[in-house]
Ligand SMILES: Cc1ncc(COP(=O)(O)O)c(C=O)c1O
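Shown next as structure tokens: one chain only, the form predicted alone.
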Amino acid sequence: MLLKDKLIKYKKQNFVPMHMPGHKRNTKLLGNDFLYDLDITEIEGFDNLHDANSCLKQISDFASKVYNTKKSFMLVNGSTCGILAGIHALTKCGDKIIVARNCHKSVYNAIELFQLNCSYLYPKIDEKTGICESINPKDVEEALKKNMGAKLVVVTSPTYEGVMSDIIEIAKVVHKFNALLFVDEAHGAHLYFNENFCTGAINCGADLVVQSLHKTLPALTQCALLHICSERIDDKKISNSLSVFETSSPSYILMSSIEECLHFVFKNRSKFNQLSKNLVGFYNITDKLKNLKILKIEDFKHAYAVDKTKIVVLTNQSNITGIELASLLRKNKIEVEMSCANYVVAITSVCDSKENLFSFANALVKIDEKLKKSAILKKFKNIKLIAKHPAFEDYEKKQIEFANSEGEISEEYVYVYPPGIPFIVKGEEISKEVIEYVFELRKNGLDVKSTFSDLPDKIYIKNP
């Protein structure tokens, strides 16, 4: 079956999409669709993304107006492209960089590619769920004191599960040490359009911010923006880096989608009010849950704030896993964004109808009624991470049994996708805890990925 035919067949099944992209296939609300007959290249009159002077420059300028930035750049390679280009532009080979340990794998790829000297910020991990909490500004200050001369700090806010960090305080600390703050806000492009949402990083003192429009707003997959938010950033360096990491043949359909998305959110702020009201209704319905639980800010010990448009349904006090909950929801024609051992993640957007949100809520209530409390509260073990070689030095490697790899230096990245946050990074010492964690994930049905090997059988390590 051709991919196109498979997509059409799936469309006809009318699943409720509690996942990205943020347009939720709601063409009735958006009033348009995109077709083959609109696809062109850089022909006369249609500008050039890497030397924009007319229609494409107008889109970037409008993005800057919508988000109130110094300058904004369109990305058609997703936030990954913005992260690679941003880190490349703001550092030189061998520079010190400080990154949150729960950053996306593209951050680690950038560090390795540019041979940066990396130090980690470790967020607290909630033992009930395994979810990373906020980055503490005091930890940022301590890391900068230990790494004097660090050029850049990279944090993710909001995270995949919607956890926000105090970017205002983090920015103050970073700038006190004459460093720059780059915020991966891939999941936060929507935060600027309703007063009931958390405050976005652009308004909190970040220097550079990347956003995936397609994750939480009505844009096609791969549509993103990179924002310069302060005078500390040289826009020419960013532009030059984007010419390296962004395709030289950008899709005009994707760029048109970015424009459509920006105009939609600019003209339809009232629809975000409706989303906020609908979410209140969703949370009211799901307050009745007895075995499942919707994660809230009060459930954390070290979270600064939580984005309520991200719905995290905990299964750790029930007799099922997150994988099993996702399967049960699928039988109710509801597809969530991600599932893991202790929870599922659902992404909501302005394109979710009240009916779809309430269908999701009622499906959870229906499933919950058939569940039981778990006899044993499933707790998450804090993974012991030992970054012995954060500069990603190159070594000869050999492959061994993963079960016997404790104490060895990994030559691979190991992660679950989504969300693509590595729990083993190339150059780290492999701990007993992380080995057990990988086997536990596989036991619960998660597909653990690595750079080269077929986990959990083998892994490449540094050859002594």
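These figures come from a predicted structure and were not determined experimentally. The first residue of the sequence shown is number 1, and the count goes up from there.
The next section is about a form of this same protein that is not shown, the form predicted in complex with this ligand.
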**OP:** Select from the listed residues N342, S134, S212, S349 the one whose heavy atoms reach within 4.5 Å of this ligand in the predicted complex.
**Re:** S212
Original post:
Pick from Y108, F73, Y160, F360: which has a non-hydrogen atom within 4.5 Å of this ligand in the predicted complex?
Top reply: Y160
Original post:
Heavy atoms within 4.5 Å of this ligand in the predicted complex: which stretch among 321 to 329, 142 to 150, 180 to 188, 267 to 275?
Top reply: 180 to 188
**OP:** Decide whether I83 counts as a contact residue for this ligand in the predicted complex under a heavy atom distance cut-off of 4.5 Å.
**Re:** yes
Original post:
Does the 4.5 Å heavy atom contact test between P250 and this ligand in the predicted complex come out positive?
Top reply: no
Subject >> Exercise: F46 in contact with this ligand in the predicted complex, heavy atom 4.5 Å >> reply: no
Original post:
If you check in the predicted complex, is Y417 within 4.5 Å of this ligand, heavy atoms only?
Top reply: yes
Original post:
Can you name the residues of 41 to 70 that have a non-hydrogen atom within 4.5 angstroms of this ligand in the predicted complex?
Top reply: none
